[in-house]
Each structure stands twice: as C-alpha cells, then as structure tokens.
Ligand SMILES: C[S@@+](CC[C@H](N)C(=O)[O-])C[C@H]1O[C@@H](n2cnc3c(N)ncnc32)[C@H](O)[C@@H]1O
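Coming up is one lone chain in structure tokens, specifically the form predicted alone.
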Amino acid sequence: MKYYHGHDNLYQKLLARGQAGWDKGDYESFQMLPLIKQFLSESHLKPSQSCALDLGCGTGSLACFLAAQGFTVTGIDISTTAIQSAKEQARKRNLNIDFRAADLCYEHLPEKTFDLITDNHFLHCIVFPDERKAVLKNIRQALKPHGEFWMETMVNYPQMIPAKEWNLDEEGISWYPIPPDQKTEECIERDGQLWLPTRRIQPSDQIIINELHQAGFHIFWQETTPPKDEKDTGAFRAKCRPNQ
C-alpha cells in the first residue's frame, strides 16, 4: 500500500461525522471556487464544447460545478469512498460525470483528451520527486495542444511559520506519526516511532515553476499568496499550457 492510500480512511471519517467533503461547510462553497470562477471568466474555453478532468476530485464539488457550467467532466481520486460519495452528489444534481478511482502515479491518462485539467489540491499529496515528475508528464500528455492546466498547491512562504504538528523536514515533506499496523513501504522509523509522508510543501515557488517547465508546460499566469492563518501554508496558483 502506498502512503497516499490513507486518504480513503480520512474520507470515511469525514463523511461519518457529517462533512460533505474535504472542505468544511457547504458542498457548493468549496475552497477553490473563487479561483475557478476567475479562471473561467478569463478563459477562451467554451464549456459546452470542452472536456474537463478534475484531479483529486474528492467528493466531487469542483467536478459538479464544472459540469453545471456545461463541461463534459471526468473526476479522479485515489479514494473509493470519496468517488462513491461524488457519484451520489452528481445523481442528486442530475449531472452526468465520469467519476473514477485511480492512481495517477501508475495509471496513464488518455493522450490529448482534455481541454481543461484542474489540480484540486492534488499535487502536494504526491511527495516524492519521481512520482511528481511522472504525474506532471501524465497531465501534460492528456491535454489537447491548446488545453489548459489550472492548479493551486501548497508552498512555503517567507512569513510562514510551520506548525509543530506538520513535522516538516528541510525538503518540505510533512511527516505524520502512525501505529505499526498502518506501515507502508515509504514509512520511516525514528526513535521507535513510525512516520508517514503526507504532503510536500515545496520550500519555494521557484521549485514548482521548475517542475512545471521540466514537464513541458508554459506558465502564462501565476501568483503566490501568503498563509491565511497560522495553520495555513502559502499557495502557488498557476495557469499552464503544454509547450508546442
């Protein structure tokens, strides 16, 4: 089992206590909504003629929003629990969305299929450089020549003070203590405690920019925003296209 498969247990707990998804609050008011609305207002894409892929779709709030705008939508997440909930949410709204549980570190997307791909806080859950490289290559190849990749991901920020419980190392990997029966191949043991890698908060936005360039993306808009509070990270936001 890979380190990121633990998301399924987290979704089971979130849904059991009444949350509609990863974000707290109303299902339709997901965290990326203002940014997605901004990007849509600036985009050349025509929703009724476009196919969209939402990566890390969770219980489907962003995917449902895109489908309601007219996109033909596919949503992918590692959590089967989240995907089942997403299908139920789409049925409630009479939306036809192709939701799938998949591991994008190992499963290839169909080439040149999508006009739009969104990173729904997905990339920072991929911790190791080889996996991130493979995922970004997968995304680029799945975009049509003039398609767009919209992303928002965690990043360090000059004024950010990492919370103690993040257990953040110098490479930006956050480690979480786990019991022995939850061991995965990527765990490390330190002082008799098992630690699971959970996030990669890159030490600078330039590292993410370099990752995107090396994967074959042209960044045509970007910004880095500060933490909203002491429990938050900076956010790197970008709109990209495949290099021609």
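The first residue of the shown sequence is 1; numbering continues from there. Just so you know, these numbers come straight off a predicted model, no measurement behind them.
Although not depicted, the form predicted in complex with the named molecule is the subject of the following passage.
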| item | value |
| --- | --- |
| Option from 67-75, 100-108, 84-92, 142-150 whose residues, in the predicted bound form, bring a heavy atom within 4.5 Å of the named molecule | 100-108 |
| Residue among 126, 136, 116, 155 with a heavy atom within 4.5 Å of the named molecule in the predicted bound form | 126 |
| Partner contact for residue 239 in the predicted bound form: the named molecule, 4.5 angstroms, heavy atom | no |
| The named molecule contact at residue 57 in the predicted bound form, heavy atom, 4.5 Å | yes |
| Any non-hydrogen atom of residue 79 within 4.5 angstroms of the named molecule in the predicted bound form | yes |
| 4.5 Å heavy atom contact, residue 174 to the named molecule in the predicted bound form | no |
| Heavy atom within 4.5 Å of the named molecule in the predicted bound form - qualifying residues of 1-39 | 4, 7, 11, 22 |
